[in-house]
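Only one chain is shown below, in structure tokens, and it's the form predicted alone.
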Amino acid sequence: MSRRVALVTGGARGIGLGIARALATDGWDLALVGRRSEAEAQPALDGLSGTGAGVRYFQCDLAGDADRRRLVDDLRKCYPSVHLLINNAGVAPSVRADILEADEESFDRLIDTNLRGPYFLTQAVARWMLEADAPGRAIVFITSVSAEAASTNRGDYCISKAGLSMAARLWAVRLAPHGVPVYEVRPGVIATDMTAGVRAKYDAMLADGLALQARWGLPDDVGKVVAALARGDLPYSTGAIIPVDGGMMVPRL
């Protein structure tokens, strides 16, 4: 195997698919992870295969310890090493509830999926990376402006992303002596299935100046940034937070 392998969680839809497209164009082979069946993900897989990339799909719920262990075992059977890990998979609250009313079940679900899952997947993959000692290794965490911006009707989501931001920093510190850079990419309002239900809300907010670049972000906007990191275009920036938010979080008077 001479081609580099990128493991992209949630890589068959939304932001993850935008990332997978950019990496495939850059010559990466792809190991994509998702909760949906392979049949459901097949249209996306076919499109990626059409670029010439080698594409494999692994069905897995990253919130489950047994599922994560099985995923890593299956990956090891398929590849001698993984060069790039993109922690992208995540979920939104089923119901946007005021923090005075929100329940513990929703909180636990988001923490398990958005934070606990990628944290311990990174642990397993990082060990494998160090064992294989393949060149050009890197890890990217996809978080959200919600790691910083407080939304009191989805506190569980904000907390999970803030925790994931710290996870990225921790892994950057831990893996720096081994030459493995770790980055956080922080998207803003991106047009995906997750945001489809609040389209009208964000249309109005963007028109009213929410972001300096007054348009929706696209999955491919995030993909291009991740591809640049994967190429090593930011070689002296481990631990960096890279915003992809159209200037949404720029302080203004």
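The numbering used is simple: start at 1 and walk along the sequence shown. Bear in mind that the values here come from a model prediction, so they are computed numbers and not experimental data.
Absent from the display: the form predicted in complex with a small molecule. The rest refers to it.
Query raised in the report: So, R4, D73 and T122: all three within 4.5 Å of the small molecule in the model of the complex by heavy atoms, or not?
Result: No, the whole trio is out of contact, none within 4.5 Å by any heavy atom.
Requested in this report: Could you tell me which one of T113, S165, S106, S81 places a heavy atom within 4.5 Å of the small molecule in the model of the complex?
Outcome: Going through each option in turn, the one that passes is T113.
**Report entry** Option touching the small molecule, based on a heavy atom within 4.5 Å in the model of the complex, out of A44, A63, V55, V225
**Finding:** The residue in contact is A63.
Query raised in the report: Can you check whether V91 is within 4.5 Å of the small molecule in the model of the complex, heavy atom basis?
Result: Answer yes; at least one heavy atom of V91 falls within 4.5 Å of the small molecule in the model of the complex.
Query raised in the report: With the cut-off set at 4.5 Å between non-hydrogen atoms, does V189 touch the small molecule in the model of the complex?
Result: Yes - in the model of the complex, heavy atoms of V189 and the small molecule come within 4.5 Å of each other.
Query raised in the report: Is there a non-hydrogen atom of T195 within 4.5 angstroms of a non-hydrogen atom of the small molecule in the model of the complex?
Result: Yes - in the model of the complex, heavy atoms of T195 and the small molecule come within 4.5 Å of each other.
Requested in this report: Tell me, yes or no, whether R36 is in contact with the small molecule in the model of the complex, where a contact means a heavy atom of each within 4.5 Å.
Outcome: R36: contacts the small molecule in the model of the complex.
Query raised in the report: Can you pick the stretch from 73-81, 122-130, 174-182, 141-149 whose heavy atoms fall within 4.5 Å of the small molecule in the model of the complex?
Result: Looking at the other structure, the answer is 141-149.
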